[in-house]
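Shown below, as C-alpha cells, is a lone chain in the form predicted alone; questions about how it binds or moves come after it.
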Amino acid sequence: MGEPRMVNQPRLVLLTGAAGRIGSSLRELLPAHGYRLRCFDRLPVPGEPDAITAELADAEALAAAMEGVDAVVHLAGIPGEAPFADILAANIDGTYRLYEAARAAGVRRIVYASSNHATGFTERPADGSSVPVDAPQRPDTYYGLSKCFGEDLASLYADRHGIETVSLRIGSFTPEPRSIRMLSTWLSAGDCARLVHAALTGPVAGHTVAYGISANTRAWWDLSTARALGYQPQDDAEDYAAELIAKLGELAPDDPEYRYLGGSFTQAGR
C-alpha cells in the first residue's frame, strides 16, 4: 500500500450531492479553505449556474464532471433509510459509477461520506470507552449497508487502482444538537468543513476510515485517525447540554438511543 501521501491543497474539487444539507454547507464554507468547487447533483444547485445537473447513472455527465478535477468529495445518494431498490440504485450503483469515473479520469483522492450507521448495531462499551475506528461493520439499515459497501469499494479501488479515500463516518450533522444522543454524535458545520479539508490534504495510504464528529465532551467515537489527518475540531455539543437535559432528561442505559451507536435506526420498522 505504500507510505501515507500528503497532497498539496487540491485546487478544483468535485462536490457531488451539492444541493443537499451537507453539500450546501460545504459550498459555503470550503472556499474559505482555498478550494474551487464544481458542483454535481440530480437537482439544480441554487446560486451555482455552472453546476452539473445529472444522475450518477449518466456516464457522460459524470465523465465531464471529472475533467481537470484534483479530488472528489462524494456526498450524493439517499441520506437515510429507503426501500432497498432505491438504495441500490443511488447509494450502491451510484458510488460504483463515481469511482469508475474517477479511475478513468486519474483522480487520486476521494472523500467519501460514509455514516455511523455502518456500525449502527454496535453496542456502546460498558466502560464508556471510545469505539475504535476498526470496530467491525454492523449496519443497522439498508442505508447503513450501502455505506459499508462504499467503504469496501474504496478499499478495493485503493488496492487495485491506487485511489486514496478517506471514508468519513459522519455522526449527526445539524446546526445544533437536538437530542441527548446528539451530545455525543454532533458534527457542526464548521467542524465538518475542517474535517473535509483535512481529509483532502492529510497523509493517506490507501483507504482510511475516520469518524465525523465535533470535539464533543461525551463523544462515543475515537477521533485519532481524523486528528492524524490534521483535523482540529473546535466545537463541542456540551455547550448545549444543560438546556437539552433540562428539557428532555438523561437517556436510560437500555434506551436504544443510548445503547446502540445507530440509535433509533436499530429499531424494527425503520
Ligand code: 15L
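For clarity, every value in this text was computed on a predicted model and none was experimentally measured. All residue numbers refer to positions in the sequence shown, first residue = 1.
Separately, the form predicted together with this ligand exists; it is not shown, and the next lines address it.
Candidate site formed by His117, Gly171 and Arg181: every one of these residues places a non-hydrogen atom within 4.5 angstroms of this ligand in the predicted bound form. The closest heavy atom approach of Pro79 to this ligand in the predicted bound form falls within 4.5 Å. This ligand in the predicted bound form is not approached by Arg259, whose heavy atoms all lie more than 4.5 angstroms from it. Residue contact check for Tyr112: none of its heavy atoms lie within 4.5 Å of this ligand in the predicted bound form. Contact check for Arg11: every heavy atom lies farther than 4.5 Å from this ligand in the predicted bound form. None of 193-201, 92-100, 119-127, 171-179 except one has non-hydrogen atoms within 4.5 angstroms of this ligand in the predicted bound form; the exception is 171-179.
Although this ligand is not shown here, in the predicted bound form the stretch 135-161 places heavy atoms of just one residue, Tyr143, within 4.5 Å of it.
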